[in-house]
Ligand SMILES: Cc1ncc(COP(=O)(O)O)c(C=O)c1O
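Given next, in structure tokens, is a single chain: the form predicted alone.
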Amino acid sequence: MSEETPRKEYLDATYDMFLGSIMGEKSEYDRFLEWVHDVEDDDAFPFETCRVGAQRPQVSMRRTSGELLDVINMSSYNYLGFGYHPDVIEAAKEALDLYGLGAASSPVHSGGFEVHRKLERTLVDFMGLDGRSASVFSSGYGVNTGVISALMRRRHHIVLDRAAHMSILEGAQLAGSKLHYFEHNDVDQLREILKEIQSKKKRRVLVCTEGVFSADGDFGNLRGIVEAAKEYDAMTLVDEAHSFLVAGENGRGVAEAHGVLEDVDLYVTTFSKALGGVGGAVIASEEMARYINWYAKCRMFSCAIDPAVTAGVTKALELGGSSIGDERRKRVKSNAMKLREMLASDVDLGVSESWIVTVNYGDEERTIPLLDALQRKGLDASVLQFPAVPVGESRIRLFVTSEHTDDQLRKAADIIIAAANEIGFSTRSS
């Protein structure tokens, strides 16, 4: 910003600033609302937008000001476009007619329908994991918090990749187990931690990692991590939320691609990414899945996932296992590669390897003007800033789908590059 331009105070704000109150000062919600209103008064608030239609590659969105913008949609993760596929919608409509709007009970009481059992069987069959069972949750976030807190206790040990999702961390905190962290994908450090744990009195140990890490768009080192865990008799939980149905020859995730699918003890996925719905599941041994059904509190004391979404997700899973899924898996990977090639010479793409293409823009103070500019130029993207990522490492995330066209990819790249030049992060060393 030039010296002549008064600095907007709201540019310094980060998410963690409003998480607690200090005695004698304004409450956290008063301070937060002041900040929101300051940005809205400047007509620059780019968050909490409402879609006017399905999550397609091109969408209309309404900002909190009421302004309607037509944008290329790269902020939602409907990776294979199944969220609006006509067969998926028809399956959901049929289930709505048969079962009604909601489950109206916990899945272990009267909230279980035949459509839920069909989804569980379809998941296990799709994964090719005979002898396993699936436990379905009403949210993907709830899978990690519920499963980890159900299986682990205070005397146990949980070992986390430092880049693991917040749902994994919160599940570990709920369990009350002893927490250990290894640097991202660092198998040697993981082995040192596991060796130290097992040198003491033998306890249950759970190692948690992911297939694709959503902040950086890189792959988990699943082969090395799973092999190290087995070496020290530890269980593994792999969250394939952003890789299920996309990675691997058959869409079974990075675990399939790395050849360790059958060695993963707790395979977690969500229905809100490539399946285009909502909810999630864990695939585990029959004994473990049955136990989780009863002792994952967020499942036991929540309403079961609604039948229409369940049927739609099941149909999307069937499509994902067909030639349609094969074609769309190839296309999403090709689209991501094309977008990276379009951007590579102008911006810093970080370590992204997947269909989550990242663009590093550095300083947190750029977040609001950057996202505001992108939307007004015709692109909606996702941004991460501190404390979600380290200070000075803010980034744009572009969620590429199989349904984006070459023209949309080119336009998105042009918008990113133009914004980078205007706001000042166009060099790779920014």
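Numbers follow the displayed sequence, beginning with 1. Small disclaimer: the values here were computed from a predicted structure and weren't measured.
Keep in mind the form predicted in complex with the named molecule is missing from the figure; the text below concerns it.
Of the candidate stretches 234 to 242, 216 to 224, 283 to 291, 85 to 93, only 234 to 242 contains residues with a heavy atom within 4.5 Å of the named molecule in the model of the complex. Contact annotation: Ser139 falls within 4.5 Å of the named molecule in the model of the complex, judged by heavy atom distances. In the model of the complex, Ser177 stays away from the named molecule, with no heavy atom inside 4.5 Å. Although the partner is absent here, Arg299 is not a contact residue: none of its heavy atoms lies within 4.5 angstroms of the named molecule in the model of the complex. The shortest heavy atom separation between His165 and the named molecule in the model of the complex is within 4.5 Å. None of Thr358, Thr314, Ser135, Thr270 but one reaches within 4.5 angstroms of the named molecule in the model of the complex through a heavy atom, and that residue is Thr270. With the partner omitted here, the residue from Phe182, Phe113, Tyr77, Phe126 that has a non-hydrogen atom within 4.5 angstroms of the named molecule in the model of the complex is Tyr77. Annotated contacts: Pro57, Asn335 and Asp380 are all free of the named molecule in the model of the complex [non-hydrogen atom within 4.5 angstroms]. Taking the named molecule as positioned in the model of the complex, the only residue of 276 to 301 that brings a heavy atom within 4.5 Å of it is Gly279.
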